[in-house]
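The chain below stands alone, shown as structure tokens; this is the form predicted alone.
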């Protein structure tokens, strides 16, 4: 099933190249996206029913499963939404079929690279897969090949390359520490081997390695002050790609941080890790707030919201209590589903109003009842309004901060979240409920796009009211992997 999950996006990409019409390209990729997601769900079910799948260098446990669920949901919604979105984005013309093929080939390649990150056990191969996600997604950011898109892709590649080089240096230091541990150290850079011998690793070397790893992969996560690429890349990419970047790619980078966190915690203890993660996390939320309050571009607004959410998750991982880790993992899932849907809808609004400028998007609910209502729903969800799932995970993280004795950090976090709520609701409600200016837009979402939005809405509402037992078990076991259980 692991090989099937890896092969399906590649097969869809190859079939896309052979397609002769726009309609066949659309059908191939809707079927391919659906098949990939179902294989991933089947893989998660297999792990939960039969235990960890380990066939070096492949490895899938409960922590992998949680992120595979995220990829499965977002892969499905992104391909569904792309069917309607790209039909409007690429009008009929001489080059439209070629551009559509290029989009779907890159989108499938992007999905393949993200799945690869989650199913490899070797930290060296994991680094290679993360670098591959950068290359695939950079071409999607520059998809339209206009000046802004190329500039954003170049900035993305340059900043993330610096970060990934630091992550590589940290990984090399991990390897050196493993070799220095003596006989019985296991296969080079094997996560399982490093976890088992973590108490024998040189603490000083591990501290330096983790500092490089958190800064390196933190660049890909979008943690401040390494976040500068994120607003540009998210704003220029096609909206389904923006949803994957924010909901899936950032989560994959966090996954690699968590894998390394387990090893370093076993070697040096939590006392070294906590201040670094909590400081970076809280600082990221602080940096995002002023940009959220003075933003004029709808997609950049959502991008800075992602910086805030990634900071909050990192803060929770720094707190490190079982409740905080559980809340962090639950928040990864909730944020991914809600934010991706918001990016999809923001792309739809940008198409219909022919602008991303917030002040020029008016009367959305009156002009587009379904799209406007969905936009308001997800805007409330992402800011943590009950009864949505984001509220539940935010509440867990704030509660964990106070319960863990970090009352000042908890108070600062709640203050910043109140400011984020005010800014997001102010801008989103302005767009949704203000009086329309100029001609009335009657744009309707296509049926595949509506299905993607309804599926995301059902998930964010359900996760705030009830967690199915199988998913709750995945969360608990994934939290235990990070906490050392």
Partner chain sequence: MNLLIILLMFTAFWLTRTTDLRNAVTVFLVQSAMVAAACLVVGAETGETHFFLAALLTLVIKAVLIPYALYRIVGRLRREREEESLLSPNYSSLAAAFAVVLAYGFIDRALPGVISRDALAAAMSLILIGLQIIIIRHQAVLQIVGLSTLENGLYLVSLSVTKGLPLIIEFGILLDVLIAVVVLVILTYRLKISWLSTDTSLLQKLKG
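Since the model is a prediction, treat every value here as computed from it, not as a measurement. Numbering follows the first chain given and starts at 1.
The same protein has a further form, the form predicted together with the partner chain, not shown here; the description that follows concerns it.
Shown here without its partner, the chain carries 193, 217 and 333, none of which come within 4.5 Å of the partner chain in the predicted bound form through any heavy atom.
For the chain shown alone, residue 127 is a contact residue for the partner chain in the predicted bound form, at least one non-hydrogen atom being within 4.5 angstroms. At the 4.5 Å threshold, heavy atoms of residue 87 stay clear of the partner chain in the predicted bound form, well away from it. In the predicted bound form, the partner chain sits within 4.5 Å of a heavy atom belonging to residue 236.
For the chain shown alone, residue 367 is not a contact residue for the partner chain in the predicted bound form, no non-hydrogen atom being within 4.5 angstroms. Comparing 378-386, 333-341, 346-354, 157-165 against the partner chain in the predicted bound form, the single stretch with non-hydrogen atoms within 4.5 angstroms of it is 157-165.
This chain appears without its partner; in the predicted bound form, the one residue of 399, 283, 175, 391 with a heavy atom within 4.5 Å of the partner chain is 175. Checked against the partner chain in the predicted bound form, the residues 206, 325, 152, 71 give one hit for a heavy atom within 4.5 Å, which is 152.
Along 271-301, a non-hydrogen atom within 4.5 Å of the partner chain in the predicted bound form is carried by 291, 295, 300, in order along the sequence.
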